[in-house]
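Quick heads-up: it's one chain on its own, the form predicted on its own, in structure tokens.
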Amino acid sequence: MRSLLVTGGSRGIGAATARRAAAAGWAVCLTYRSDQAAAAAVVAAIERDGGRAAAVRADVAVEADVVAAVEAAATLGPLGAVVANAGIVGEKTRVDELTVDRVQRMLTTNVTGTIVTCREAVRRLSTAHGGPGGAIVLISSAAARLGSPGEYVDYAASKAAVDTLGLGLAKEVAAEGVRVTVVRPGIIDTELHASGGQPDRVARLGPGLPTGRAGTADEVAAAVVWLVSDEASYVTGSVLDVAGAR
């Protein structure tokens, strides 16, 4: 059984991805930063359904934590895929109100953390390093192309960096058996909005979207799990919007 690592897998899109991946036959290692109980609940749900899973505490802003998380995933079985999902968003604000501390935290987590996750994934997966090949999926955001004016331009900028990372890395490792894709969710009904100080954001914006509703974490997870599957064997360097035409 191949293993799959999901960073930030205790809630939202990460948790939904972990559950779907396990149902598809992956041994899943998920990381959490602080909510051990939530991570344990995801693992328990997977195990109740006959899957195999483990949770490890890791802050992707800490290099050593990322290295340890990849190593932990590999103990469940040969590493076959990594989903770089962990990220943060700040409270609604304008650029002229941003602090350097906030921007540095945003970039360290969303950009540096994702780059280090990719580095460690390539070191395990690439045939150039003796690996078996595999897939990397980066979770970006529709904000990367919309800019999020008046809300969180810094978050949007960090996700635009993730988009570019995915495109460049895909070309860099395409001949080494590693596929790299990017998924850009739109307005998705998860806890992320509350953590950004807007718990009513989904209810407020959902009805005005082209689809008339926000998306679900499971709808995004379905796309992610397909991208890491062998069915997507010729899909790399692609950016997939799961955003309901937003």
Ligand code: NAP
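Residues carry their position along the shown sequence, with the first being 1. Keep in mind it's a predicted model, so treat the numbers as computed, not measured.
A second form of this protein, the form predicted together with this ligand, is not displayed here; the remarks below concern that form.
S.K.: Is A121 one of the residues lying within 4.5 Å of this ligand in the model of the complex, judged by heavy atom distances?
M.R.: No.
S.K.: Does at least one non-hydrogen atom of V137 fall within 4.5 angstroms of this ligand in the model of the complex?
M.R.: Looking in the model of the complex, residue contacts with this ligand do not include V137, since no heavy atom lies within 4.5 Å.
S.K.: If we define contact as a non-hydrogen atom of the residue within 4.5 angstroms of the partner, is T190 a contact of this ligand in the model of the complex?
M.R.: T190: contacts this ligand in the model of the complex.
S.K.: Does this ligand get within 4.5 angstroms of any non-hydrogen atom of R20 in the model of the complex?
M.R.: Residue-level check for R20: no, no contact with this ligand.
S.K.: Select, from the options 96-104, 81-89, 129-137, 171-179, the stretch whose residues sit within 4.5 angstroms of this ligand in the model of the complex by heavy atom distance.
M.R.: Result of the contact check: 81-89.
S.K.: V60, V70, A53, A221: which sits within 4.5 Å of this ligand in the model of the complex by any heavy atom?
M.R.: Exactly one residue meets the criterion: V60.
S.K.: What are the residues of 154-172, in order along the chain, with a heavy atom within 4.5 Å of this ligand in the model of the complex?
M.R.: Heavy-atom contacts within 4.5 Å come from Y155, K159.
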